[in-house]
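Following this are structure 1 and structure 2, which are two forms of one protein chain, each written alone as C-alpha cells.
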Structure 1
C-alpha cells in the first residue's frame, strides 16, 4: 500500500520532468552539430586521363554523374565508383568542348560551349522503377533543344566560358568568346494559338567586357548576370531585357591581392556566394533602395576557413552550402542562420572538385590524388542558430535586417524565417496590456473584499469571482473577437470617456453618500459600499457610451478610428491589443484577485487592531500595515497572473489578427507564441525544423511560466512562515 502510494506521488514529479524533458528531447536535435564522414574512395570513374568538368548526383545519391573534357558523361554508382552508363554529350558535332557550366542544379541542366562558337544544352535525367520492390535508377541524357548545337557566335570563334539557364518558357545562354566578347542569346518558344509548332523567337546582344573575366553566373529567373574579374571585381548586369542588358553596378567584392576563387548561387538564385583565396566566403544579394534601384550588397561573411576556397556547392533546397579549401578542410554553412555548422578536415589530399546531393545528405569530392571521395552528411537542422531565432536577420529580397516569423510559403526554395522575437514580443505585449488592466482592478478588489467588505457580501462576491475564473477562455476570446472588437470600434470615445467618468462618478457618489443624513446612511451597514456602487457604475457607463457618439461627432469628425489613422498616423486594427488587454485582463483578474485576497485576509488581526487603536484611520492601517505585510503575497499573485497571461492561447488567438508585427501601438494586433503554436502545430511535419521550433516555443512558454510560478510559490511559502510567526 505504502509503495503504491509513493508510486502515485512520484509519478506526479515524473509527469512534470517528462514534460520538460520531452520538450527538450524534441528541441535538442536542432542544436546537434552536423556529421560528415567519408564512406568510400575510388579512382575517378571513367578514367583519370581526361579532366573533370562537373559532378552531380540524383535524389537518392545512388548514381553520380561525371562530365569530362572530351564531352563524355559518365554515370557511376556512388558507393563503389562502378560504371552505370556512359554517354556522349556532343553526338552530332565534331567540334571540341572549350567551356562547360551547369544551370540551376535542381533543373539538372548542363551547358557546353564548343570551339566553333556554338553551345549545347543537355539534361541529366533519372528514371526510377521498383521491380520486385527494389529501386532501380536508370540514368540518361536528354537534349531539350535537340542534339544539334545552338549557334551563339555568328563569327564562329571558340567559346571560353558559358552560363546558361533553361526552362519550359525560355532558354538564355551567356557565352564569352576567345576574343573577349560576352554574348547573350535568348530563345523563347512562343506558343501558337493553334497548338501546333510554336514560333521560336531569338534575341541576341553583346556585352563589352575586359580580358580578365574569371566567372560567369546567370540566375534561374534569367534576370541577372554576374561577371567576376581578376582583381576581385564583380559586375552585376540586369538582363531582364535580353536585347539591352544593363550594367547595374561594379562591386569590389574582395580587395587585392585577395582573389575570387569560386562563385556560386545560393539555392533560389537570389544570393551569390563569393569564395576567396584567403578562405573567406561572403554572401551578396541585390537590395532595393528607396528609389526602387537595386544594388548588390554584402550581407554576411563566413571566416571559418583559412586557405583558398576551391569550390562551393550550394544545397538544392535549403539556404546552406558546402565549401572545400586547399588545406583539405570542408565546411558546412548555413547562410540565413549565419552559422558554420561544421568544419572538418577529412583527408590530407587537396580537393579539386565538389558536388552535393540534392537532399544535402551526401557529397562527391575529387582530390589531387586522382581519387573520388564519397561523403555522407548528416545535417538535419542547419537553419537554426541563436541569431536566426532571436536576432535580426537580413533575409533575401528584404531591404534591411529584420525580425520576421514566416514559417512557410508556397514556393519550395523559400527562405524560412524563424525569428521567435516577434512572437515573444507579441506575447509580452498582450501580457503587458492585460496586466495594465488586471493588476489595479484585481488588487483594489482584493483589498476591499478582504478588509472592508461585510461577511455576507463576501459570500456572494467570492463565488462570483470563482465563476469568473472558471469561464472558459474560448468564450472570452470569442466574445472579444466577435462582439467586443466591433463594439470598441463603434464606441471608442465612449470607452475612453468611461475611463474618466467611472472613477469620478464613484468619488462623487461616495461624497454624496457621506453628506446624506445619518438615519439614511445607517440603513445600510458598513461593508456594502460595493453594492451601493452598482447602479452608479452602470449609470456612468450608460452616460459614457451615450455621450460617446456626440463627442465623436464633435471632436473626431464622426469616426475615431479613422481620425486616429488620418490625424495621428496610428494604424487601427479592429482586433487589437486594447481588445486583448481587456479580454485577457478579465481572464487574469480572478487569479490575481484570489491569491492577493488570501494574502490580505491572512494578515493577523492583532496587527490591524493595534494600528486602529493607535488612532490610524482604516485606510491608513490598510496602506501602512496590511498592504506592507501582505505585499509578498500580492507580488506572488501578480507573478502567477503574469504566468497565466503569457500562456493564454484562445483569447490571443481569437481576439487579434495574428500578424507577427512588432509595434507597441495599442491599436494594432500581434501574434503570440501560444497562438502561433495552436495555429501552426497541426500542419507542421513531424521532425522538421518547423516542428522542432514550435516545440522550442512551447519550451520557452513552459520555462517562462515555470519561473514565474516557482518564484511566486517560494515567496508564498515564506509569507506563510512569516504569518505563522507573527
Structure 2
C-alpha cells in the first residue's frame, strides 16, 4: 500500500507538470518574434520606363498587381515577376492619367483622375479554378460603373488628386482639380418599388481648400474625408451629407519643419496613420466627447524608425501595418498592442513603393534601383503585448483608454480586445464574495462541531456537510441562476433583514437559554444545545421575509432594485455578485469546514484538559490553546477553499450575466477566467490568437492555484513549527 500511495502521488505530480507544459506549449507561440525573409527580386514587371502608382496582391499572394502612370495594369507572378496579364484602365477614352488612388484594400477599388475632369473606377478581380487539382488564378479588371468615365468637374479641368470609395449602395469621389477646387461627387442608384433598375441620383458639392493640399483620404463608409496640407495640418470633414460637407476640425498633425510624408487608413477605416519626415508614425481617430461631438485625437506614436517614412501599408483585416523609410528599414507594427513587432533593414537601396498581401504574410517592396522585391512574413500573433493584455488600451471609437475583453464581433472592422484584467478582476471578485460568506460560517461551524458538539450529534452533522461537497456545482449554478437570482430580486429587503435579524435572534435566544433555571437547561444533554437553534433560525427567516414586502412598499416604492438605480445610481443586475457569492459560498463551505474541523478535532486532548485543569474556561482554552494549535490546518482550509473559489466554473457561468466589467458593485455581474474559457473555447479557431489567449487564461488560473497552495503550505509549516511546542 505504501508503494501504491507513493506511485499515485508521483503520478499526480507528473500529470500536473505535464498540464503546465502543455499550457506553455500552446501559449508560447503568441510571443514568438516575427520573421521576414526575401524570397525573390526581379526587374519591375512591365518595364521601368513608367512610374509605379500602386501595388497589390491577391489572397494567395501568387499574383501581384502593378498600376503605372500610363494607365496600364500589369498582373504578374510574385515568385519571378513574369507577366500574367496586362490591361489598360482607360480603354474607352483618350484622356490621360493625372491622378490615382486606391479605395479600401479589401474592396480592391482603383480610382483614376483624368485630365478632362473625369474619373474612372475599376476593380481588380481574381477568378480561382482548380483544373486537375491545380490552383489557377485568372486576374482581370472590371468596371463597376462601366468603362465610360464619371464626370466630376463640369468645367473639364484636370484632376490632380483623387480619393474614392464604392460599394453596392453608393459611390463617392473626392477630386482636387488643377485650379485647387476640391469637388465631392456622390452617385446613388435608387431602386424602384417593383425591384426594377431605378434612376441614378448624383449629388455634387465643393469644399474650399488652399493650394497646399498633399493628401486626400476617404473612409470606407463614405462619411469622413481627410485633407492633409503642407505644414503638417490635417482637415477633418464630415461628408455624411454629401450636399453640405462640414469641416469638423483642423489639427496640427506634425510640427514644422516636419512634413507629412505618408497617410493611410488603418484596417476598418476608423484610424488614420500619419508618417512624417523624421520617421515617426502616429495614429489618430475621432473621439466622442460628453456633448456627443467627434474630435480627431492623437492616440499613440511609433518612433522606431528615424528616416523619412516613404510608404505605409495597412493590413487588410487586422490593426497592423508595415512602413518603410528612406534608409531601407522596414517596420512591422500593431496599433492596438502599441507594439513594434519587427524592425529590419531590407537593403541599401531606397524603397519607393510598398504593398502587403491580404493575409499579411507577404509584401512587395519597390526600390529606386528599378527592382521589385518579394518578401515572406511570419507574424501570426501581433495583437499580443504586455500592455494589450494587462494595461488600459485606447480602442477605436472609445472615449478613453479602458480594460475590455471582447474577442469577436459581426463587424469586419472589429478591433479584438484581449485584456485579461477584467476577467482576473471578475475571478477575484467572485472569490472575495464567496469567501466573505463561506469562511466565517465554515470555520465557526467547524470549531463548534469539533470542540463543543456532542460526539453523537457530530457524527450526524459532519458527514451531512461533507456530503454537500459531492453535490455537482452545475446543480448549484442551475438553482442559483433560475431560482435563487429571481428570488433575491423579488425579496431583497427580506434577505437583508434576514442577514440582520438572524444573528440578533441567535444572540437573544442564547442569552434567554442561559437565564433559564438549571433544571430546565440540564434536561438537554451537553453538546446538543445547537439543535434548539433550528426553530429560532427558521422563525427569524420567516419573519424577515414576511416583513420584507411591507418594508419594500413603505420605504422603496415597492421595488428596491429600481430604487437603488434611480435614487442611488447603483446598477442592479438580476444575476449579480451577491447571488454568486451566496451560491459559491455553499460550494466552498464543505471544503473549508471539513479540513478545519479535522484540524480542531485533532488537537491533542491533553492540551485542552491541562488548560482546563489550570483554571481556564472552555472559551479561553479554545482561543488560546486549540485555535493556535489548529491554525496550520485552518489556514490550509482557507487557502484550499480560496483556490476552489478562484477555479469555480459552472456556478459563475450560470449565475452571473457574464459581462466583463470592472466594478465592485455587489449588485452587478462579472465574467471570470474559468467561465470565459468555458464559454469561448468551443467557438475559437484552433491556433488563432483567441484560442491561445484562452489557454493563457488557463495558465493564469493554474499559476494562481499553484501560488495559493504554495503559500498555504509554507504558512502551514511555519505555524506548525511555531506552535508545536504547546
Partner chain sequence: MRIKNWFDSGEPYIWLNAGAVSLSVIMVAGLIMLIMARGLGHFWPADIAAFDYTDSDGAVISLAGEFVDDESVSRARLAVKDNRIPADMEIINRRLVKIGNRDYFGLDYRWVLDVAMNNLSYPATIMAVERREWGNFYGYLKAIKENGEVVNVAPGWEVFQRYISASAAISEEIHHIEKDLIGAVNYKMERLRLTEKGLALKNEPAESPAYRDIESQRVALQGEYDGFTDRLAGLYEKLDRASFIALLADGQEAEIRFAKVVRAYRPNAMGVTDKIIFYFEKLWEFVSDDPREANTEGGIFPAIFGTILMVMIMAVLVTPFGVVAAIYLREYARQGPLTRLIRIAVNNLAGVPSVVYGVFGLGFFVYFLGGTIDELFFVESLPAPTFGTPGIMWASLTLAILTVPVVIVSTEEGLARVPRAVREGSLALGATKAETLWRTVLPMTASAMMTGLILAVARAAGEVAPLMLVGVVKLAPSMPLDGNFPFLHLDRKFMHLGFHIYDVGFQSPNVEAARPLVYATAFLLVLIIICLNLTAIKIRNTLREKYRAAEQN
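None of these values were measured; they are calculated from a predicted model. Residue numbers count along the first chain shown, from 1. Here, rigid core means the biggest group of C-alpha atoms that superpose within 1.5 Å across both forms.
- The chain as displayed in structure 1 is taken from the form predicted together with its partner chain.
- After superposing the rigid core, the Cα of residue 628 is displaced by 2 Å or more between the two structures.
- Remark: with the core as the superposition reference, the CA shift of residue 715 between the two structures reaches 2 Å or more.
- Once both forms are fitted on their rigid core, the CA atom of residue 361 lies less than 2 Å apart between the two structures.
- On a core-based overlay, residue 11 has a Cα shift of 4.2 Å between the two structures.
- Core-based superposition between the two structures puts the Cα shift at residue 611 at 2.3 Å.
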